[in-house]
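This document opens with one chain alone, in structure tokens, the form predicted alone.
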């Protein structure tokens, strides 16, 4: 649980869109409709969905709370299968030798090698369990801000996509440029000037 760790990576978002129709029950229903699937598909190498903060591996929200103080708190779970490259290389080498011996050929064509590698990888993916990754997600609706406890590019892209799919509203990543554009301390003229700025190199 990154939220309870003494140090963690964090990405901050601003929530943009119509939130007036999102009651507590509506939010719970939408999260539950996009929860992590209870039954794992052995053919799928990538699966994602929401899970309760209190039980990452049982994604039924019906008896779990998502309200903590003034925030909604739940998690993004991503399960991904990856075939270790050394295992794939070993299996391809073994199967290549086997096929050469059976066919009497001296070598396999480029297309045969590609097809063989894809078949072995697909076969291994069916047998290898997916590795789960859990990322805490804290949504302060009053402040229109989200704290996502990861800075990994793939995880950030997945949470942005799933949030839009779930609620129909966008997450906008906050970094120095967007923070300045959303600031109430800058006038419209200053924001216009801000858009014309370009990076400057201070060293050669």
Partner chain sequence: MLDIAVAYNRYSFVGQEFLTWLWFISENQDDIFQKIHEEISDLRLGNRMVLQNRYGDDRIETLTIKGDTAGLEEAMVALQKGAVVTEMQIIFTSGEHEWSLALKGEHLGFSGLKTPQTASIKEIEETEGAVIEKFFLINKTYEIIDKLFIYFIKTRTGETWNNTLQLMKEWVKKSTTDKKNA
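What you see is a predicted model; the values in this text were computed from it and never measured. Residue numbers count along the first chain shown, from 1.
Beyond what is shown, the protein has a form predicted together with the partner chain; the following relates to that form.
Chemist: Ok, 167, 147, 45, 61: which has a heavy atom sitting within 4.5 Å of the partner chain in the model of the complex?
Modeler: Exactly one listed residue reaches within 4.5 Å, namely 147.
Chemist: Please name which of the stretches 99-107, 86-94, 114-122, 71-79 has residues with heavy atoms lying within 4.5 Å of the partner chain in the model of the complex.
Modeler: In short, 71-79.
Chemist: Considering only heavy atoms, tell me if residue 179 and the partner chain come within 4.5 Å of each other in the model of the complex.
Modeler: Output for residue 179 is yes: heavy atoms within 4.5 Å of the partner chain.
Chemist: Can you check whether residue 57 is within 4.5 Å of the partner chain in the model of the complex, heavy atom basis?
Modeler: No, residue 57 is distant from the partner.
Chemist: Heavy atom to heavy atom, is residue 24 within 4.5 Å of the partner chain in the model of the complex?
Modeler: Residue 24 lies outside the contact set for the partner chain.
Chemist: Please determine whether residue 154 contacts the partner chain in the model of the complex, using a 4.5 Å cut-off between heavy atoms.
Modeler: Judged by the heavy-atom cut-off of 4.5 Å, residue 154 is well away from the partner chain in the model of the complex.
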